[in-house]
Ligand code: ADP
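First, one chain by itself: the form predicted on its own, in structure tokens.
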Amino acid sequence: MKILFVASESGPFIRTGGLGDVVGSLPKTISQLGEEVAVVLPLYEEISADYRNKMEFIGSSVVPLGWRQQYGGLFKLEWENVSFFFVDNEYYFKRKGLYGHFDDGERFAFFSKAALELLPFMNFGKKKGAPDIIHCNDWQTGLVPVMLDAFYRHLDFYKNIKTVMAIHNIEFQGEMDKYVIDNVFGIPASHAAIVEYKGNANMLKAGIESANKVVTVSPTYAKEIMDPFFANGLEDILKARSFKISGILNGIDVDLYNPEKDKALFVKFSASTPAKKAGNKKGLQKLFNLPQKEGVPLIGMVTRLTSQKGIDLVIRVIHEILSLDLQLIVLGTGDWKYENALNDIANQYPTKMASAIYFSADVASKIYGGADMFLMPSKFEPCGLSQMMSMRYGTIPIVRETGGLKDSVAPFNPETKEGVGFTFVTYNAYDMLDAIRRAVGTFANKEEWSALMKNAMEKDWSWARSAREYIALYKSI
């Protein structure tokens, strides 16, 4: 099969979060399994010259968008056996930042239309011609399936293309005034109702309606978004289209997140040498001026400081948490009220807690490698990657059973020695506190804790598992 990913970001070129991690890893892994894969991205100004200088100019075309006739250039770069194409238009993409501009709807409508218009230039794979599958990602590419049907489906080159719409986070839908459907996007009246929802334009809804399949980043999240609590207003559409919605759990780059190779660690270790992890704990405690006590459990958090990530729960019972014989380190930025609260609490408990109100990939790896436990009490979590990363380093997750957290963290059973972490169900601070207490109690039992670490470190979180499921999904359509 030939699969084309259309996305607004991808590692290693440009990324702001989980979407960039997925698009940077999944196509590469699908390619390694024998499929022909390419990715198309906007050519943002912030893509470094190191990559730009290696790109080859492929061609250009006029891209019609409503009444506009815009330039669309196409560049190509081969990277890890995947063809990456970049759509060039300085009016839309020569600016600082990927998102948050007043005309984001127009920018990504142009990108979606340009990806389709320039598709005949993208000769990748052994056989020339159109891809079998276009894999769209989040609202920024939600117009691709509807534009394919509205403008291109009647042409021989495009007539057999199937589409997949991936939802990485349904909270972001590309909603704006419905005026744009005709006057900016140029969607004809015959397809306008597909883009409109509750009196507005909704780009993600358009993709859900038009794509052959819809996939979320975990099986549990695929079920949760049928509920109004999680669906952010799209529950009616999702229920009506439930027959084509499924979930596939993300993976992580197991070469990048590898305690045997990670240069950020104080001491490298593996599942066969778990005792060496203690050197990372001592180094982490020293880095944050905490007493170097091996017998005291150290809990780490690497997170955005927002209510979605459960920081309100942590602050609600922080004094009860710190009354236990443990230490806590929090790394991240976010809402100022949480940043200030965590700094104040850390000042009250200088020997038990440290707050690092910044982000550093180096320090994050040190926390994954040096903490005993990793706290992730999210209100909702489409997939989550941090819990998988922590398990790679033998750091035991404490999570709420939601989305990908539920799918990836089986609760530890002390009788059978099965499971990889500690969980709680209700979004409640005291239920979270109970899970922390259970983890601390198990930490005191060295036999049980060793079994738990072994279970966590031996789990397969590679993208190969996910990629096989995606290939099966593509073949089904």
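Counting begins at 1, following the sequence as shown. Bear in mind that the values here come from a model prediction, so they are computed numbers and not experimental data.
What follows is about the form predicted in complex with the ligand, which we do not show.
J.: Give me the residue from Lys281, Lys205, Arg400, Lys309 that has a heavy atom within 4.5 Å of the ligand in the predicted complex.
T.: Checked against the cut-off, the match is Lys309.
J.: Quick check on this chain: which one of Gln292, Asn343, Asn258, Thr333 has a heavy atom within 4.5 Å of the ligand in the predicted complex?
T.: By the 4.5 Å criterion, the partner-contacting residue is Thr333.
J.: If you check in the predicted complex, is Ile248 within 4.5 Å of the ligand, heavy atoms only?
T.: It does not: once the ligand is placed as it appears in the predicted complex, Ile248 has no heavy atom within 4.5 Å of it.
J.: Tell me, yes or no, whether Ala361 is in contact with the ligand in the predicted complex, where a contact means a heavy atom of each within 4.5 Å.
T.: Ala361: yes, in contact with the ligand in the predicted complex.
J.: Ser386 near the ligand in the predicted complex, any heavy atom under 4.5 Å?
T.: Heavy-atom contact with the ligand at 4.5 Å: present for Ser386.
J.: May I ask you to state whether Thr163 is within 4.5 Å of the ligand in the predicted complex, using heavy atom distances?
T.: Result no; Thr163 lies far from the ligand in the predicted complex.
J.: Any idea which of 82 to 90, 301 to 309, 145 to 153, 258 to 266 reaches within 4.5 Å of the ligand in the predicted complex, heavy atoms considered?
T.: Careful reading of the contacts points to 301 to 309.
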